[in-house]
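In what follows, one protein chain appears twice in different forms, each by itself as structure tokens: structure 1 and structure 2.
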Structure 1
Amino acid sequence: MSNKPRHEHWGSQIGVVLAVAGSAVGLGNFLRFPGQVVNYGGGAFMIPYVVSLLIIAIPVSMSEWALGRYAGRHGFHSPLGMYYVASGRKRSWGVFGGLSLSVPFIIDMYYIFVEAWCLYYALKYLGGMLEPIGLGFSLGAGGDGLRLGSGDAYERFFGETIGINANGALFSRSGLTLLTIVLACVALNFLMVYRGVSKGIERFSKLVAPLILLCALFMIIRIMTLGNPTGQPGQSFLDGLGFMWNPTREAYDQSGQVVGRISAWTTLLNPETWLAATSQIFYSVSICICAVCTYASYVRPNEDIALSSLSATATNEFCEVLLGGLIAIPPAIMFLGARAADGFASSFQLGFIVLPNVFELMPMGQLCGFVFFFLLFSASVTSSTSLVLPVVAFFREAFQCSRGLSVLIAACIHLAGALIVIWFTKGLSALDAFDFWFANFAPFFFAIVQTSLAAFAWGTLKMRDEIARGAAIKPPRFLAFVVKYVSLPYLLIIAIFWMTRNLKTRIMSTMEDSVAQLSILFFIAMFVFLFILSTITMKRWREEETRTPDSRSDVEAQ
């Protein structure tokens, strides 16, 4: 349309690959993945994980790249426009595209909060590193360098830092440091999006990607050279690898004695393991949350998206399995033992409570602690930025405004939602509500919608032709078959099982929690807002197309 913003593209193919890989490499790789491996049977978890990678990650990622670039060639950069143009300009599909923007928007409202925790911990360790030369500093309680002496002390420190004991704790004098860091992280994310995909996100990704790799390699080399630091049997680096990759593992009683072995079949026959593995894939590859398709909409018309898709997926899996897994799991086993690993309740516990305890026992622990949490922070920024861009693109198309104004609108709404998470920190009830509904449940729903769009409304032939456009190696013909007859049924089965087994329990627990109810009301308000704005925007598009029916003839002919 004539009044749409001029086209913007990535500066290079390697730039978009690094940006997409960076959007996926984040807290999900270095915190959530190790936590999932520990909580779902160690090596047994890797079996459904690999299956989900082949069935979901690779084909659905390619279809999302194709959908994004196809829409970008028609002048659209938000999921609203993507669904609208791919479906033949049907408003019903466009509404789903508009509503899907709730996923990145709401995830980012709490994701940046956790991102700030990482920077806070990194600065704490930095103060401890500089202490011997007289330049150390402290950010409140906990002392320089987080030398707390016990796992219970680290747990108390974590709870007090994030305000887990009382609502509004971050707005007290002791919580202002973390609150300031949260606001700084918000400003950093929206500043990069304001600078655009090539001058902001691409440049930052090219700068951060080598830094992430160097930090991760340093951590792995340091861990591998520790040998068996405690001298206890079963707590060497190889034992840590065995815990991660061996499908069977030892079972312990309450006293810590080995009482047998847990078979891989015990884990694999539990459908929740498959649910967790598939959910982790959404985190891993950053698909079905509007990030990849939005990035792909800025790809030049004849660039090789088949290669870019595979490269981004492979890069992310390397960072998750080989880097994230090796950094978090082996040291926990080496210093605390496999019995202690059974007690890890969540990825937050593993990342912010267990590993700081490990760093205290580790030679060069202050440096390792700083590097690890700075690595988490750097990786999380590339991910959170990818969650902001689809929303900014949507407001830019909906309001026909400049990038600056759309960034300002998105930032104001973002802060309104983030305020709920930042204020209601007691028991992390608001964060848990945001995380469950929009990081676990919603991606499954919109993954089914998006895959159905690609397979039926848009058509597998158009999808395959778009993937093949500019590709050095043509994608296999069976790719479309896999998306339509394997990926989609797989997602449906998982989603149906999830709803029949977990949805009722979750709804009942939500009804008993006033903060969760407030969060649900906010979600409903977001849906209503996106629905109304999407409907108005599509109506305007139809009117403009009626007045200028040949306005996109040049795009169609490309």
Structure 2
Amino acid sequence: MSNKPRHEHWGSQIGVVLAVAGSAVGLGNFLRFPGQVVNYGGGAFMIPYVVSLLIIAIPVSMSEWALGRYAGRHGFHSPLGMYYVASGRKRSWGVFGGLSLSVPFIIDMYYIFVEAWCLYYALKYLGGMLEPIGLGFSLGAGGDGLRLGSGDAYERFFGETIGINANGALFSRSGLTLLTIVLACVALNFLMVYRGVSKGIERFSKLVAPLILLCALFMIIRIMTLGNPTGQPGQSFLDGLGFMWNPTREAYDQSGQVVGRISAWTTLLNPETWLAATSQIFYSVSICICAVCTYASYVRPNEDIALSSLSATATNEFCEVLLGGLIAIPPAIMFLGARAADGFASSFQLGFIVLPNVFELMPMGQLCGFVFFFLLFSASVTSSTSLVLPVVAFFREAFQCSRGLSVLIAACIHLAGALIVIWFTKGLSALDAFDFWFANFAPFFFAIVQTSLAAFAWGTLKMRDEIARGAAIKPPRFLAFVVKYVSLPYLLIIAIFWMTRNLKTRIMSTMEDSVAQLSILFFIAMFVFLFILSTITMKRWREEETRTPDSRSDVEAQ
């Protein structure tokens, strides 16, 4: 075990908080959250959202921090080791830990691709290649070359940029720039992990977090000082806020005309609102995708993880509700009116089609476009880095190799998976399959597994003791009860409801889509690989523990 990174720690508490918050703050905060609020009842959506924050995000996140730090004290930094040691060295639980690594591994394979889009757009705005020509959302028939002038033109530009019309489109001359940016993003992510948690991830997070805040503040000030830029009724800043926050909603037809009203009660009694709110919390706080527990495993033994956990969650919510709530929807309503609402359903549509239209019409729009996409890029880099670290930690433990070699192995496998996403871009079918199974389905599944581990195999009392270790404010006694009897049943109910709503349709569509089938085969291969590697690694650990029972005593004594 001489190769285990036993002495690697975060440099400071604020450093780990920023790193974990940076891991959570991403596209979901700035694009997905506002879209979900608009589509699921505006202000009424916030009630199930806050409930999910209180009974899922905060307790499950704390239990994940506790699990990570507990495993880190015992010399383990990968989810495999965490599940193994927390369950009392049971291989059945360890296998689940090993398989859970598929979540960060596979999400990162397409997330870096999206990250590259953001940088590509930021560079385009910086270079003046998406310069405004003063046409509106649905006016005109487009621009010449890269001088874009309408919603159609931005949609066409986005499609061509990401190669949505044909598989392999990015491997032609026109796609080379984006491909180069993808490779640069991969290199940046793995380089930071190679430099280590303190010298790489923490330093970068400390640099990027204020930058994200500055970019967001710049955008907010610009939006709040626009007044009513079009002079049209119902398109002021307050109207934009109202579109997002009013609990009683107006229902629109396809032409943007009001056809009825939806009350807050109707919204709250709709189970889909609760499902959407819980999914958003999950997506946003990044719980149970191995990132938080891996980061926590590098926390020092007596650090206050109760405060760190709560601070990271609070920072993420601050960015999501305050910054995310103000940046995307209000300007879209101010410049494009209610007809822009069709573009709020999808994060990609909102970010890469609707908002470029807004920037075109906005004074200082080109600068705002650059700042916005740079903000998205910065937020996504800190998120994607957190997805790389668990995989690298796993390979270090499995292969007993140096960090450099582990980074190299992870990067090679990562590129193989990313190739599927980057090649099969037609209709974004591969990305959609990766996203559905590993950003929507798998986190719910592994959240149930991980919370069950904390509740039964590890024990909520041990979990509470771990949270209390070094904590200035002791965690409440009911935390253990909440994790076991509230969070877990709530997760189960939401997961069952989600599966009944989505699985059948998805399986039917997969049967007709060869790219989705190829993606499933890749996932199975990944599971088999992780299963075999986890089993071999745990067998070796058992043999070592039999030979030298006190091999970890030095670590446990910390």
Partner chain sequence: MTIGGWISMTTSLAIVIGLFGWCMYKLVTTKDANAEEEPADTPKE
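Under this definition, the rigid core comprises the largest set of C-alpha atoms superposing within 1.5 Å between the forms. FYI, numbering is relative to structure 1, first residue = 1. Everything numeric in this text was worked out from a predicted model, so none of it was measured.
Remark: structure 1 matches the stated condition (the form predicted alone). Superposed on the core, the two forms barely differ at residue 70: its CA moves less than 2 Å between the two structures. Fitting the two forms on the rigid core leaves the C-alpha of residue 491 displaced by under 2 angstroms between the two structures. Relative to the superposed rigid core, residue 39 undergoes a CA displacement of at least 2 Å between the two structures.
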